[in-house]
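Before any questions on how it binds or moves, here is one chain, the form predicted alone, in structure tokens.
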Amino acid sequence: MSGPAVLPDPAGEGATPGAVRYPSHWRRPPLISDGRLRWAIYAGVLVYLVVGIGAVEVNWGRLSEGWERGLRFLGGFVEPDFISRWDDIRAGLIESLTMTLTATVVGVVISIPVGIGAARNIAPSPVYLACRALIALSRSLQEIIVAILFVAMVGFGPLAGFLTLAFATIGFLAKLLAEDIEDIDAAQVEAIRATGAGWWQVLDYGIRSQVTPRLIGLSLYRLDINFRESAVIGIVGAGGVGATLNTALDRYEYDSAAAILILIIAIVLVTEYVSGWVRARVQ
């Protein structure tokens, strides 16, 4: 192990005894201290990327056609067409908003008892394991896969979308609610329990008051997510404005597709503003 450097004599007659030179800049130590191992890992990652990119089959003819089509799609945003398919767009938006609102409300109502049961600090082990399994099942499946499943079960239309969004809301909200309950201030709960309060009273006065602002904020956030997801799952036949968007894209009506996307962005922005305003008032 080398010690601090010894400063040379300014007159050039050798090092000055006792003069110590310390580094003037601090540098974060590398994650892997062994330089050879570090460079070997870098080289391995680089080789892997080169091999991986080389394994991708690029169809340059298809890419050229897609590039031209992509430019035409972007050109639709210059002159979006809100008029030609307005009846379909309006019906799709109303269906999406209805589907989103009802699925979010139902999902929040179901996720509250599931989240309480999934909190380790207040739920018995069998209930905890059952609720955690339900949350894991909901979170392990992406919305579009769930939508395909429900379309196969109940057919095309908004019912499949409603079930999909409600199922996804349960997994999302119950998990975050359970984590919030596990992180609450235990002193407040113990104070309520010390008064002789029962389980429901502890839940009401000791826990609900601590997690309600967070629950409202997460519910509004999930409402925003559900509206965006309603446009995605509509592509597989689960209703909403996504079906209208898919039809416009299939017919190469990029100006109508651009109009739908602009309306989706506008609604998401309004939802984001409203949810932020409500969260600020609640907290």
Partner chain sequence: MAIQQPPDGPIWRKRTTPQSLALWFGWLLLVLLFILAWEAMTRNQIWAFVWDAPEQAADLFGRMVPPRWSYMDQLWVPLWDTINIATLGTLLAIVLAVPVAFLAARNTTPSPLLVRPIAIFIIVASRSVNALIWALLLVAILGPGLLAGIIAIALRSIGFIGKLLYEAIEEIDTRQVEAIRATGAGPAQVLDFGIVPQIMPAFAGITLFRWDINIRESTVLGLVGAGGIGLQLKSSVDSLAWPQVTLIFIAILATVILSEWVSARVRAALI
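Keep in mind it's a predicted model, so treat the numbers as computed, not measured. Superpose the two forms; the largest set of C-alphas matching within 1.5 Å is the rigid core. Numbering follows the first chain given and starts at 1.
Below, we refer to the form predicted together with its partner chain, which is not included among the displayed structures.
- Contact with its partner chain in the predicted bound form, judged by any heavy atom within 4.5 Å, is made by just one of Q201, N121, S84, S140: S140.
- For the residues V189, I148, A197, L93, the 4.5 Å heavy atom test against its partner chain in the predicted bound form is passed only by I148.
- Taken together, A133, A166 and S256 are entirely out of contact with its partner chain in the predicted bound form: none brings a heavy atom within 4.5 Å.
- In plain terms, the part of the chain that comes close to its partner chain in the predicted bound form, with a heavy atom within 4.5 Å, is 97-105 out of 189-197, 173-181, 113-121, 97-105.
- For P158, a non-hydrogen atom is located within 4.5 Å of its partner chain in the predicted bound form, even though that partner is not displayed.
- Contact annotation: W39 falls outside 4.5 Å of its partner chain in the predicted bound form, judged by heavy atom distances.
- In the predicted bound form, its partner chain sits beyond 4.5 Å of every heavy atom of G35.
- Using a 4.5 angstroms limit between non-hydrogen atoms, F73 touches its partner chain in the predicted bound form.
- Taking its partner chain as positioned in the predicted bound form, the residues of 258-274 that bring a heavy atom within 4.5 Å of it are, in sequence order, L261, I264, I265, V268, L269, E272.
- R251 is not among the residues whose C-alpha shifts by 2 Å or more between this form and the one not shown once the rigid core is aligned; its shift stays under 2 Å.
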